[in-house]
Each structure stands twice: as structure tokens, then as C-alpha cells.
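This document opens with one chain alone, in C-alpha cells, the form predicted alone.
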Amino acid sequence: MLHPPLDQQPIDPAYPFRSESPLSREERKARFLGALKGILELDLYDRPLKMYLDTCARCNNCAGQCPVFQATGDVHDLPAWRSDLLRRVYRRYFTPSGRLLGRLVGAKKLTAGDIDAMVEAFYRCTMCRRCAVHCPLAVDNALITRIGRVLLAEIGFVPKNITVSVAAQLAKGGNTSSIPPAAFIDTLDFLEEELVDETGINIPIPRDVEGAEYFFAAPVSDYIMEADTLMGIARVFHAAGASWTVGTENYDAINYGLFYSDDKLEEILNRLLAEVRRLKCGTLVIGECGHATKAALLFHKVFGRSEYRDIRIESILQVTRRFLAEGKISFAASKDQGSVTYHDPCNLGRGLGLYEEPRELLAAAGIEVVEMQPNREMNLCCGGGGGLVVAPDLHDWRMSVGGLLKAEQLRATGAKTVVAPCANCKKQLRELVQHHNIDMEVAGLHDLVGRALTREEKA
């Protein structure tokens, strides 16, 4: 398969994503190139980014792995073609061969039209990294997509929903859903009452406990929409006799900076780490959220302030699995859950390698998993990754393109429940099963694990 001509722009009139920069078209080009120069000079990106931009066999192995391309068949959705939008600019301005030989080596001067193409192309990618698994040269097209978004942010192209959420989170006492602290505390009180009603046991959700071993942070949306997941996690901590707490000054683990801005990623991450340090906790535990876990685990040694780098960071999947291995929790004979399948979130799976922990927990709870095909490192993205799930305008695209193959994969299992330990995945999957009329419930891992715990206490 050949790539389309470099000058052909991938503007799709049916694609709803639009963003406009306040800068003139000439200013955009100058600032874009300046920002790319700055990124290439950073130790964090210098070697890997240059390697990926210098390397592409044009073999199109990525075509067979990309769910978006498989759904559209449009050559503009090829991961390698999308990366070429940035690759050709890099070669023209930052390599000797590109400056001398130009198009002969795939280099091209940056135009305003190129930037228009990037705005759409880099936001048609779910950044699932499935294409990287079978790339013979190990090119990470998702990293190139992310850097492309960082560059676009430098010239003012950022999805409105993301900027609004980040602004709310960075406000004093803020979070992406703008929930006031008093309302958050009321929610915790309500969840404690629900736990008593369901279990007959007083299971507290501690708050602002100094010196607790574990500081727990979940996506703030979980407190609104995923109460069963949060209550399951509270049950696990309680059954294990763990010392844990949430913080009332910063409790939102969401970090949308991962999708478009290192500066925002760094600021959001350090605000969360500051709350862990305020309460003198040793370990930050991120709840069921793929991108929040990845942003914290992978970037705290890079973007975390030096005084916070001793803080240990784990996923709740790792913590619960360790409690099981240490004999701190056990499970009763599981009630019939019906057939269950498991969805590997991209950021927890391909991003962090957390494949077996959730399966081991489900097995210990007596829940047999009907595996999707393929699964683990080759599992399909839910179709809403890379921050696209939070863009309302992209709903129809996520249903008909981004998540089309995922819907087919879900249906093929015949399962009645799909477990997905990720807030964004659960949102996308619920919309998919509804849109495609699939008879399936969507649940978090700890929804099921929490209900299967043995409990010896009495109210």
C-alpha cells in the first residue's frame, strides 16, 4: 500500500473536530518550528523522538493494527502517514539531508495547510500504541501523535473541552468536574452509608489522615458515576486492614495534560503529589483509570519536583493483587456473575504491562473470564482513548469509526458483562453497547472483586 501524496490534506468534512488558533497563519508556522526545536533539545525526547522521526520503512505494517484505519480504509488514517506530517517537517528543518535534498528525502517546508492537516490528523488517533507492537523498527507513532498535539497546543490548537476541564482542575481546590469540597465530602458520607446498607459493616472512607500508608486518588468522575467501583475499593482497603486516606484539598487523579501538554501534565501531577506530601503519606494509589495511572507512574520521576520523587506510586490493581498474595484479603465462593469478559485498557496494558493482575483477581474471586480475541498486548482500544472520549462532538465518530471494531469484538464474546478498570474506557464502552444494541453490562474490576470479598466483622 502506498502513502498518499505529501501535499494531499486529510480534511474530512464529516469529521466534527474543529479548533481555531488566535494566531495568524504566519505566526503559527514560526511558533510551531520554534516549539519543535525546543522539544528536540530536551533530554526527555531527544533520542527517542529523533529515532522515530528518522525511521520509517514505509512497510505499512501499522495499517493492519490500527482500528481507525481498519474501520475507514482511508490512507489518511494510516499511523505512518499521520507521523509523516511531522516527520517531513522535522527532516526539512532539522536534518542536513533534508535541508540539502528536500523532497528527495521526504522533507518539506511547513505550510499553514500542513498545520490544518495536523489539527485533524493528530485528533483522529486514540494513541493506543497497538501499531507499535508489530512495527519492525519499533516506531512509536503514538508518541509522535502526542508530540504533534504538544506542538499544536503551543500555537493555540487545543480542544475546548480539554482546556475547560484543565482550567477547572487547576483552580484553587479544583477538579475537572468543578465539584466543591463540601459536595465531595457529602458524597463520601453517602458512600459510607451505602456500604453499611450493603454489607452490614461500618466501612469508613478516611479523609485527611496524616501519616496513612496509602493516599488514594481516583478520577473525580468516579465519585459521580462509578460508586460501585469506589465502594469495592473501600472494601478491599478495609478487609486488608490497610492504613489509607483520601485528601479533601486535591482528590482528582485525572491528568489531561498527558494528551496535549507537558506543562499542564507537570502542574497537575505536582499538585497531586503535594497533597500526598501534605498528609505525609508514603504511597500514592491511583484508582481505576488508565491515563491517570500512566501519567503518575511514568512521569513523576521526570516531571515531579525533586522533593516528591521519593513518593511511591502504584495502581489499585497492583495494590489489591499484593493484598491477595500476602493473604490480607480472601474471597468467598462467587455468586453466579454470568459470563464475563475483560477489556485491557491501553494505558494499563500496552502502557504499563498490567495484564495479569486483574485476571488473577477475577480468577481468585471465582469469576471465569471469556477472553476477547485478540487480548492483552493486542487487545483493541475502546475507541475513545487519547482524550477523545471526553469530546461530545466526537460521539458519532467514536461509535462508527474509533470503536467500531471494539463493538464487534465485544459482541463476539457473547458475555453478559465486560470488566474495564478505567473510567474513560467504561464511558466509551457503555456508549458502544448502547449504540450497537449489545446485550452487555459494563463494570469496573473492583465492582465485582469487592462484592466477592469474605468479611468476618459484624456491624
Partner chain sequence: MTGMEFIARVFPYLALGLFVLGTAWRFLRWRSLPAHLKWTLYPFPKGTAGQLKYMAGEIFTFGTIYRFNRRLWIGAYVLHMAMGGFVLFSILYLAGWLPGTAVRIILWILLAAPVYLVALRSFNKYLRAVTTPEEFFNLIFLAAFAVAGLAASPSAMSPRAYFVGLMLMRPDAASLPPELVPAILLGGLFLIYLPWSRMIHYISKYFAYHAIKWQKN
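Because the structure is a prediction, the values reported are computed rather than measured. Numbering follows the first chain given and starts at 1.
The same protein also exists as the form predicted together with the partner chain; that form is not shown, yet it is the one meant from here on.
A single residue from the set R411, R58, K37, K416 has any heavy atom within 4.5 angstroms of the partner chain in the predicted complex; that residue is R58. Here is the short version: of I224, I185, L137, A112, the single residue with a heavy atom within 4.5 Å of the partner chain in the predicted complex is L137.
Contact with the partner chain in the predicted complex, defined as any heavy atom within 4.5 Å, is confined among 364 to 372, 299 to 307, 234 to 242, 385 to 393 to 299 to 307.
Annotation: in the predicted complex, residues G200, F216 and E326 none come within 4.5 Å of the partner chain through any heavy atom. At a distance threshold of 4.5 angstroms between non-hydrogen atoms, E377 is in contact with the partner chain in the predicted complex.
The partner chain is not shown here, but in the predicted complex it comes within 4.5 Å of a heavy atom of R129. Of the heavy atoms in W81, some are within 4.5 Å of the partner chain in the predicted complex. Although the partner is absent here, Y93 sits far enough away that none of its heavy atoms falls within 4.5 Å of the partner chain in the predicted complex. Residues of 100 to 117 placing a heavy atom within 4.5 Å of the partner chain in the predicted complex, in sequence order: R103, L104, V105, G106.
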